[in-house]
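As a starting point, one isolated chain is supplied in structure tokens, in the form predicted alone.
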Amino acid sequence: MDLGIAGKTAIVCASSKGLGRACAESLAAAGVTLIINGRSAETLEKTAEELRAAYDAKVTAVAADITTEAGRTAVLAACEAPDILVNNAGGPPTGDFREWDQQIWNDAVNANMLTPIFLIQATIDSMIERGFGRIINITSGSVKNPIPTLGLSNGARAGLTGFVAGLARDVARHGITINNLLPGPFETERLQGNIAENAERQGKTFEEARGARLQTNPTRRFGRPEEFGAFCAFMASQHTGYMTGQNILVDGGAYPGTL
């Protein structure tokens, strides 16, 4: 399928590895010019080189912490008027809410709620002027199916979800869609780290904890990042102009609800 976005420009946050990189890869394959971002300059440049080689893509790498004002300024300096914005940032730590002080909460809300909002604020008016925009926020399946140990994520991402619900309807008439993409368990470093933490907490081996986690998903497997990336690229395409304000689960059927 031709996604109809060749020649468009996209900012993909936190895209040196994991699900962010998978999104960047699929957009590069669709002919999109990329501004990618990550904290590690070495890892980010390696990703940029691989995307250029694999897809003959135009890629600008901006090493910066997207959750800081300076980081956002650096990324926007490379592209102040993207056609596509993929908001993404590392999730906050797991744990017991009794142990979280105000600074920990502030960090979670800043990274997973305020940072996406600030980037939307900085880019949406130029999208309105051009009559086209695709904003995709990578959140989490825990928005619809909260996980007790992910309380920081549950709270911060739910705040973003509420904000987007109102804004998406307000700008839809300008050809802009804003949707949230909610991953379930995917084969990423973060998932492996969460499994390791749970294994230690439960007194199990990593393999035991991983096996138990696999059994909780109807597919009996974890998602592949490239599956997620392909879905992100479709949401950024010309074919999704009539879908906005939605929370799209990509979780192997893990969410048990009907709505």
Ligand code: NAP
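Numbers for residues come from their place in the sequence shown, where the first is 1. Small disclaimer: the values here were computed from a predicted structure and weren't measured.
What comes next is about the form predicted together with the ligand, which does not appear here.
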Report task. Would you point out which of 121-129, 99-107, 86-94, 169-177 contains residues with a non-hydrogen atom within 4.5 Å of the ligand in the model of the complex? Result -> 86-94
Query raised in the report: Which of Lys46, Lys58, Arg224, Arg190 has a heavy atom within 4.5 Å of the ligand in the model of the complex?
Result: Arg190
Query raised in the report: Should Arg39 be counted as a contact of the ligand in the model of the complex, where contact means heavy atoms within 4.5 Å?
Result: yes
**Report entry** Pro183, heavy atom within 4.5 angstroms of the ligand in the model of the complex
**Finding:** yes
Query raised in the report: With the partner left out of view, is Ala64 within 4.5 angstroms of the ligand in the model of the complex by any non-hydrogen atom?
Result: yes
Query raised in the report: Quick one: does Ser237 come within 4.5 Å of the ligand in the model of the complex, counting heavy atoms only?
Result: no
**Report entry** Residues within stretch 4-41 having a non-hydrogen atom within 4.5 Å of the ligand in the model of the complex
**Finding:** Ala14, Ser15, Ser16, Lys17, Gly18, Leu19, Gly20, Asn37, Gly38, Arg39, Ser40
